[in-house]
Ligand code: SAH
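Take a look at this single chain, the form predicted alone, given in structure tokens.
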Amino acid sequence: MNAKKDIRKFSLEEMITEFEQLQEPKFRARQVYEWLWKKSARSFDEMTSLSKELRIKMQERFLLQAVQEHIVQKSKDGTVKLGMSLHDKRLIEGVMIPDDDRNTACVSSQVGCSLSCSFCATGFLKRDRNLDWGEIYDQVILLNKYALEYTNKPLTNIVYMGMGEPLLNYDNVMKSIRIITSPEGLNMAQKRITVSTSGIAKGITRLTDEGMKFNLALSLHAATDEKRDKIMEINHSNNLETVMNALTYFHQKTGNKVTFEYILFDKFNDTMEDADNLVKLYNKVPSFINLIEYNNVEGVTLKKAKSEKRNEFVAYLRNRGVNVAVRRSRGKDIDAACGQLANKNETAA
């Protein structure tokens, strides 16, 4: 007997071919495609406009491996962390962050991460595997459910800032963005999506050449190669000059500003010299800077910068015309804040 095929791996054209083999008309394939990506059906039984006979036929031929909720945690500040179980029992995490005028989903792109940034809890996990585009899409659907339940408003923004490096799972990340922004999918504007990378220059160039116009953020965290080498292994193969050239190319082609994410660490990157080096990078490409409040991670020697140092740092940047914002930690009490996503268990029971 032939192994079942994952129905969510098909393009619309491939699905039409599959349904022709089932001796079903093209419009049935289009109906199913709409159920999957526009109506977010998580089982064949939910596709109620199809006959029961066809649904049984589909169950016999195809898999529909929707991501399942595993554990839900709600922070006192309203942030929701959702642990999710994949079809192979592996676990990932995503976060819903409510704000006055927006609800943001922070989604993962990999099970674990291979980059081993010294300050990030996910970096202590091995990269187990890439997520497929349906698994990324499912995170958005599940987190949207909690946005609606707790705030009575849908998601407005998506950030690829969860577990993993998005540009090391390039094809699936881009496919997920295409279906999320497609009229045949969730029809969200690309300007509502931000992809955060640790600095995969070839990936930045590739997405630029493919015409992607979502927002791009660089996890910078140090403004010189000497310091960045110490905390981010990726900088050895993608140094700042290489990455800055790719970001400049991205801006020239898309017109979008770049976001620099910069965590302030106590006595590491919080001096006025560090601020001056950051200004120099800022002036190389139209951008703005998010200064991120660090959330101390067990086993990491780097610690959160003192508030007075942060204030001096911000004042120095603003006095030099830098567009900078301080991003306060959200969801710290449930380990949902930036850099804290790391499942305590590798697989679901």
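Not measured: the values here are computed from a predicted model. When you see a residue number, it is the position in the sequence shown, counting from 1.
The same protein has a further form, the form predicted in complex with the named molecule, not shown here; the description that follows concerns it.
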With the partner omitted here, the residue among Val314, Leu281, Ile292, Ala66 that in the model of the complex has a heavy atom within 4.5 Å of the named molecule is Ile292
Sole residue of Glu261, Asp128, Asp270, Asp132 within 4.5 Å of the named molecule in the model of the complex, by heavy atom = Glu261
Would Glu165 count as a contact of the named molecule in the model of the complex, using a 4.5 angstroms cut-off between non-hydrogen atoms?
-> yes
Going by a heavy atom distance of 4.5 Å, is Ser196 a contact of the named molecule in the model of the complex?
-> yes
May I ask you to check whether Phe119 falls inside a 4.5 Å heavy atom distance of the named molecule in the model of the complex?
-> yes
Could you confirm whether Met161 comes within 4.5 Å of the named molecule in the model of the complex, counting heavy atoms only?
-> yes
Considering the named molecule in the model of the complex, find the one stretch among 171-179, 215-223, 146-154, 248-256 with heavy atoms no farther than 4.5 Å from it.
-> 215-223
